[in-house]
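This document contains two forms of one protein chain, each encoded as structure tokens and listed individually as structure 1 and structure 2.
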Structure 1
Amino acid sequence: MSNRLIEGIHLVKEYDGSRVVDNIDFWVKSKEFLTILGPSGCGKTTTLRMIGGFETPTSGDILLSGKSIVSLPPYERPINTVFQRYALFPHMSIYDNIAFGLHIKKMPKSEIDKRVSKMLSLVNLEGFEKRRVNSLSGGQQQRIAIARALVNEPQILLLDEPLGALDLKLRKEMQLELKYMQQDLGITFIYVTHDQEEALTMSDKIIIMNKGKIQQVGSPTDIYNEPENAFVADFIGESNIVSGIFKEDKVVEFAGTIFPCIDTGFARDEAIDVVVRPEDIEITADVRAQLHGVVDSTVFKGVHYEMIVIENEREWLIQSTIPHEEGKQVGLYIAPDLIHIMKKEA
């Protein structure tokens, strides 16, 4: 398809007979911010390295604008990479670090000056040209690494957990800055992280991986609101996951209670898993209460209170701006559109 800038087809990567990436298919549109998300060892960095040309697939193909690039070395691909370890040259000035790739291409000095100046402006480090790398903070070094990758004007920028070494406040600031940069430059970003919040904040599309396989692909909203399996539901945000029975279209039974829902298409009396997000459970004392329990704990988390309610020996995690005392008897209400039904895990 014409809108597919880069495409992975049946990609497999094995090391010593162990399959790290297991027959995955994906595609990325031009100017899209794609994040590959998953726990350590799930195959996300290996996938990124295959796209960049630093690893060769055991089998499968990678297409760029419809043409295979598997046999191309990294320097012949219109792709640059920013690693978690920024790999800046400590003996060079900031100017020379950013301009390094342009010098290799023997670009005229006037053009190099223009591009380096534009990049320093983009990463908010104007006037830093003559500074040395070791005089910069971690966040500033990270910006220089990004500027060095972007100055060559690649079609695609790969980013392998580039914010991992930064403190929490700076990481949150850089998430927004990276998204603004990507939108401003119109470059396709493929970003690898194990941080769910990072993925939800920045991405147009997320690929969730586990054990070498793709678990779900979708927008941040789709993945958060409609997880396709228990792994995704548990990995993206916090969830209450309980076993249930799909009684019929728009009717489900769990926790010994019949609930209206909006899901259809499952078999009558099929065993399913039910996902309810902690912020989607309302604590109520009125007649709408569908379940009843006792508040076991209440913890202040800054933007909300996190409570555990014990209902028939079952724990429900609930997030609310209104605290309830431990030991208090409460009712629970879940609206039909906030009940998410998934196929039962094998």
Structure 2
Amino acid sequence: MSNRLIEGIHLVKEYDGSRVVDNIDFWVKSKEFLTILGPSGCGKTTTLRMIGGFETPTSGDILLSGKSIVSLPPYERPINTVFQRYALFPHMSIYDNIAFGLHIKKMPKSEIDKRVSKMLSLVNLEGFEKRRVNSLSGGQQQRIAIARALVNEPQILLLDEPLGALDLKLRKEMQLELKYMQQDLGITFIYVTHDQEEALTMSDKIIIMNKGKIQQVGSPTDIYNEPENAFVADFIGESNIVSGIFKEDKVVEFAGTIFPCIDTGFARDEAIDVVVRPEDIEITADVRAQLHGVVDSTVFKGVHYEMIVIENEREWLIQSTIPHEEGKQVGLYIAPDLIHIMKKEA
């Protein structure tokens, strides 16, 4: 309990009777990098805004170090936000933007100067003090927005898709820089994105949301390797998802074939979903082959080949470094530990 810095309890937010955030519970440890991941409209921004104090939950509570903060206005929370569209003050210089929070706290000028220039060098924009906001590129404005929030040394930094407007290359760079800053400064980050790759590279912990509900909470490897349901599996990456039947512990049937697996704990003959990652299917000619099909297409993707194999009118997406020509008869093999079994969604 004591290592939970911030905690959401049964959080609900309704707009005109429709539930946008539906009874979610979560907690974050100090210095952790938490990502809220989910498709557009799933309630990520709303959740973040409740933590920041810009929306009041319809019901539920938010605890900071064990004390409720739901009744505190944003300016009394030790939390700062990096807004999606930067929200830099256009009538102020870069210096005044970054100094804004410290100025409000009545910090002495010499101390403010010191901190502002330290922040500017942290975001690699030394000497930008006197520049005007609209003379900066999108990427530079983003860095200033981050600096403006971080300079206040908040306990928690909220970031709402901060890299959404940047191009791919810049985004990758900033991902690394942000992660580095977070570790360097030891600040807790709560980060919202709908980009699963971004979430997997940066986070210590990921919350996956859909339609206002939490689907799964876990580390990036947990979520990637052990998705709890078909939504998570599908959302977190390309996957083969087929219906199957759980025969008994460590035995499952799908695609008309019995497979050994390592899962236990489902009911006998329970209908389940089976997830197999494209890179986990082996194309083989030997006796291990469990399924047989025809290569329908082969596309080179830079590092690997992506192939579609048709087996009994089912498509299997397969990634492999060895290409197979289209039209060729192949056998497929899936190792027991690479078969993931999930409860069917209600």
Partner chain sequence: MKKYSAFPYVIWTFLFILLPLLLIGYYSLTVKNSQTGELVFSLANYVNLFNPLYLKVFLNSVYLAGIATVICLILGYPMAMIISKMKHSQTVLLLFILPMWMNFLLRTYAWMAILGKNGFINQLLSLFHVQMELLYNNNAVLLGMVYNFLPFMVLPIYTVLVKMDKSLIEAAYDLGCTPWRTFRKVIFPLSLPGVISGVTMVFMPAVSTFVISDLLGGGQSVLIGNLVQEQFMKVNNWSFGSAISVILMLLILMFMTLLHRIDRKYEGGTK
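Here, residue number means position along structure 1's sequence, counting from 1. Note that the rigid core is defined as the largest set of C-alphas that superpose within 1.5 Å between two forms. These figures come from a predicted structure and were not determined experimentally.
Matching the description of the form predicted together with the partner chain is structure 2; structure 1 comes from elsewhere. Annotation for residue 92: C-alpha shift of 2 angstroms or more between the two structures, rigid core superposed.
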